[in-house]
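First, one chain by itself: the form predicted alone, in structure tokens.
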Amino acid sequence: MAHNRRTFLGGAAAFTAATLAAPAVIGQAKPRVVVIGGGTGGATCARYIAKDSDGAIDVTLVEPNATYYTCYFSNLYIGGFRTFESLAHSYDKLTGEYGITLAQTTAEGVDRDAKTVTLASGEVLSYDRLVIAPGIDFRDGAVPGWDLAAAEIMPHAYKAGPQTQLLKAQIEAMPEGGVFCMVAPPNPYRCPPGPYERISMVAHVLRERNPTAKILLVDPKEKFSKQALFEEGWQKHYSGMIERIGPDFGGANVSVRPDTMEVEIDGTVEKVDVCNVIPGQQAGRIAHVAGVTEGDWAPVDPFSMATKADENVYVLGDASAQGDMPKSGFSANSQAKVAAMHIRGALTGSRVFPAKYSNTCWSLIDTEDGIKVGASYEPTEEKIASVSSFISQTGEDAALRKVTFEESLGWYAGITADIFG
């Protein structure tokens, strides 16, 4: 019986380990691609492999969540510019229209010699090509005093979903004249402008609801993405509200005490009302389990996104170490299309064009005050290299900033349609 939409849960009886791992009957075999991670990179890659191979490749997407919430634009939800529901996307079109199998569980093991993926249920998937797109995990001990259990008190909100809702609720419940603190992450990390857009959105909320509140930004970095643009905007819209403590003033020497809602900065203890801790980051766990990482990230071939460790395994988006591209949703989407093209070429003989990559990161500072930074990239022997770039300028007029903001809304609608169909 043919299926064009197949979904199975970890532990479900519909598929047994033997069925999943068994070789196809001679003459009926389809090459198999397993994609781990249903975020921007993984879902884009799965869709483009399935769509452009016209059913010639069997694609399974391993993703435990039924709904994906985008990290990009989640700050706008915190700021009150978007609903939480607008961040949510389902996999229904990927399964229903493109015949992708959704394994709604987690991947726990990868055997690159046997070319198999073991799921949390014990089920085993065989593959001809494997795509790993797990996003980020947080580095243990990155911020002394903080761990994942503490995220229920001091949320990271850097994986969108309930954490984002928790942080928004905490901000809105701050006492009059209270203190919001962010512990910003060291490089490299997901979405370079993200923490600073978040500061802008928190300031926007507090200006309207709690204008005597203060924002303390504790930052281990000397400089950050779009710094001049953000600082100009903060001075214009939120003058006197935001204080940044960089490494010269102890921003690199910070610990937290969730039980007492205190932050210690270079020996000075600050009592705060809300603390958003964004720790140091690394590739999602399954990339390490698969043995394709070096240190925190997975090095890849700039021409294809295949890992340096195994030409049959690809790593996309935030988890990859590829060169000049930032860890952003646009980057992951761009990289996924290159990987999908190479995988189709390897498995079906379709034409493979030279790789080109692009990225833009939009940020909102205040109502209709949008800024952007971006670049085009090409592969070299050493890395994916930037070949041209652009950035918003300080002093731009309100009309241009409004156009930039509206451009970002169009981009969000377009990229989510490109990912999820």
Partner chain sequence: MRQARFIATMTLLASLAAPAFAQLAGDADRGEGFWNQCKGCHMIGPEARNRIGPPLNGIFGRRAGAVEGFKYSKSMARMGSDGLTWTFETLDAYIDNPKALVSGTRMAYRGLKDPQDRADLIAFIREFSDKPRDIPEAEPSIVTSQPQLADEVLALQGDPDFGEYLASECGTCHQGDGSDQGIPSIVAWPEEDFVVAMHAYKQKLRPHPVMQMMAGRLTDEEIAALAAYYATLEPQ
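Just so you know, these numbers come straight off a predicted model, no measurement behind them. Numbering follows the first chain given and starts at 1.
The same protein has a further form, the form predicted in complex with its partner chain, not shown here; the description that follows concerns it.
Taken together, the three residues T95, Q104 and T106 lack any non-hydrogen atom within 4.5 angstroms of its partner chain in the predicted complex. Heavy atoms within 4.5 Å of its partner chain in the predicted complex are found in one stretch of 235-243, 157-165, 321-329, 72-80, which is 321-329. The closest heavy atom approach of G55 to its partner chain in the predicted complex falls outside 4.5 Å.
In the predicted complex, its partner chain sits within 4.5 Å of a heavy atom of A355. The shortest heavy atom separation between D366 and its partner chain in the predicted complex exceeds 4.5 Å.
Contact annotation: M341 falls within 4.5 Å of its partner chain in the predicted complex, judged by heavy atom distances. Put simply, of G145, G99, G178, P188 only one has a heavy atom within 4.5 Å of its partner chain in the predicted complex, and it is P188. Of the listed positions (P192, P299, G251, P258), a single one reaches within 4.5 angstroms of its partner chain by any non-hydrogen atom in the predicted complex, namely P192.
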